[in-house]
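Only one chain is given next, in C-alpha cells, and it is the form predicted on its own.
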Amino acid sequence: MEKVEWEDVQRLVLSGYPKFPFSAYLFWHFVPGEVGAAKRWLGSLAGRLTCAVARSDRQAINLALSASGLKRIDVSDVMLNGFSPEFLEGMAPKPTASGPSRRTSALGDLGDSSPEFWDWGGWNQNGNVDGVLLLYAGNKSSLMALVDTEIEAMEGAAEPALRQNGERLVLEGRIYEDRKEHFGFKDGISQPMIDGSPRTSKKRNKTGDPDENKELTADEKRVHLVKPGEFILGYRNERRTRIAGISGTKDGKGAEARDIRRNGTYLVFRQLEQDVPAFNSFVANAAERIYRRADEPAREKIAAQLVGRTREGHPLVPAGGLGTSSRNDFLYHFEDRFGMVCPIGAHIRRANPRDTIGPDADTALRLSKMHRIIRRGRPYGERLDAAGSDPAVAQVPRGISFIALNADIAGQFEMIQHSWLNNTRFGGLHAGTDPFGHFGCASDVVAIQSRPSNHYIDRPRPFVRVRGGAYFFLPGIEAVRALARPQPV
C-alpha cells in the first residue's frame, strides 16, 4: 500500500472540522498586475495552512485556487495542461449561440438554476473568482476575527470578490449541535474512508475529532474503504492508475519542475439554496395522498423515504431496522433489491448506489468506489422552525454550501450528478429525478415502491436552486510554496 504524504495534504481532505462549528468561505480575486505581491502572499499563507496531521484548538485555514487563479500567477501552459479539462473549462462555461454548454446541460444547471442567475461563478459580471479561503473557528467572534485577519493579510495581492449586489462574497457556514441541515436531516453521515489514512490505521492517535476516532468494522471497510488516488492526485486509485505522476514534470525549457498537482485534489463548490416551506408542503401533501393523513408520523415516513434515512440519520435498510439502526455498512442488493424499504430513487441510493449498479453485487460495489466523493459542505443562513411561523425569517435565504473533494471531476462529481441524481431512468425507474436535487424535468415525479402498485407523486418544482459555484484545486502545501516562488512554475 502506498504511503500518503499526509504532512503535505491540506486537512480538509481528512476532516470536516467538527471541532470548529463556525466556518466562512472567503472568495477572492488576485489584484491585476501584482504577480509579485500575489506570490509573496501565497508564501506567507503556506505557513498558516492546516495540514492533515496538524492539531489545532483555535482555528483552521485551507486554500483552493481556480484555473483563472493559477493563470494569473503565471503557471506555465505546460503545467496547466496537466490539469483536467473540467477544471480548466470551469463549472459554467459561457453559452454559445446554440444554447447552454454541454457541461451546463449535463449538470442540470437550467431554468432557475442557470448560471445566468447565479450570485457568483456564473455568466454575469464578477462571475469568476480566483480562489477561496476556507476558514474554521470554534465560535462566531473568533471566525469574524480570522476573516478580518486574512483579508488584511491579502491586501495588495488579492481582494475579496463581490456578489452581484456589491456585497463581499463571504459564505458563512455552521454545524449545529444536532448536525442537521435545513430540511431537518442529519448530514455528512456516510463518507468514504481513505485507505492508509490515520482513521484506518491500526495505530491511530486518539483525538477529539469524530471523523477519525470511530472504530471501523470489517464490513465498513469493505463498503467504504477507497484507494487514496480517488481523492489525492499522485497515488493509485481503484483502477490502479495515477491521475498525476509521482515525479516532477518538465517545464518549457526542459528543466525538472515540481508537479504542483501532487498531494492536491479538486474541490467542487456549489451554493445550493433550499426552499424549506415548499419541501414541508410537499411532504405533507404526499403523506395525505399515500397514507390518507398528514400527522407527524406520516410526514416523517414520507420524508425518510425521500432521503433513504430518518431525520436522525438512521438508514431504512436493513428492512428489519425500521429506521432505527445506526449501521452504515448496509448493502441494497440482498437487503432491499426492489426498493420496498428504501425507494430506488431515494437521495442516498442515487448518490451512492453501493452494490446495485453493475452486472453483479460484488462488481457493482467495486465500481461504486470509483465514483465516491468526500463531502465537506455546511448549512448557511438562519434556521427556519418546522412551522415556519415568522414570515420575515422564512424569506431569509438559506441552504447548503456543498463542497466535494475528488481526483476526477468528470468521473466522480459530474458522473454522480448527471448519471445518477438527474437520471429519470436510474435503477430501472421510468420517471423522476433526485427528490433533493436542483434539476427537474417535465412531469417530474417522486416514485415510491409499494405493493400492489407503486406511488407516483408529482413534484411541481425542485426544492433546491443553484445560486453559485466553481471548480477549484486544493493544492498540497509544498505546491503552494512552489507557486509562491518568484520564477514561473
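Residues carry their position along the shown sequence, with the first being 1. All of these numbers come straight from a predicted model, not from anything done at the bench.
The form predicted together with a small molecule is left out here; the points below concern that form.
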property	result
Residue 187, heavy atom within 4.5 angstroms of the small molecule in the predicted bound form	yes
4.5 angstroms heavy atom contact with the small molecule in the predicted bound form for residue 400	yes
4.5 Å heavy atom contact, residue 426 to the small molecule in the predicted bound form	no
Residue 183: touches the small molecule in the predicted bound form, heavy atom cutoff 4.5 angstroms	yes
Full three-residue contact with the small molecule in the predicted bound form, heavy atom 4.5 Å, for 347, 351 and 413	yes
Contact stretch among 267-275, 79-87, 109-117, 334-342 - heavy atom within 4.5 Å of the small molecule in the predicted bound form	267-275
Listed residue that, although the small molecule is not shown, lies within 4.5 Å of it in the predicted bound form (heavy atoms), from 103, 372, 299, 376	372
Interface residue in the predicted bound form among 147, 307, 170, 193, criterion: non-hydrogen atom within 4.5 angstroms of the small molecule	307
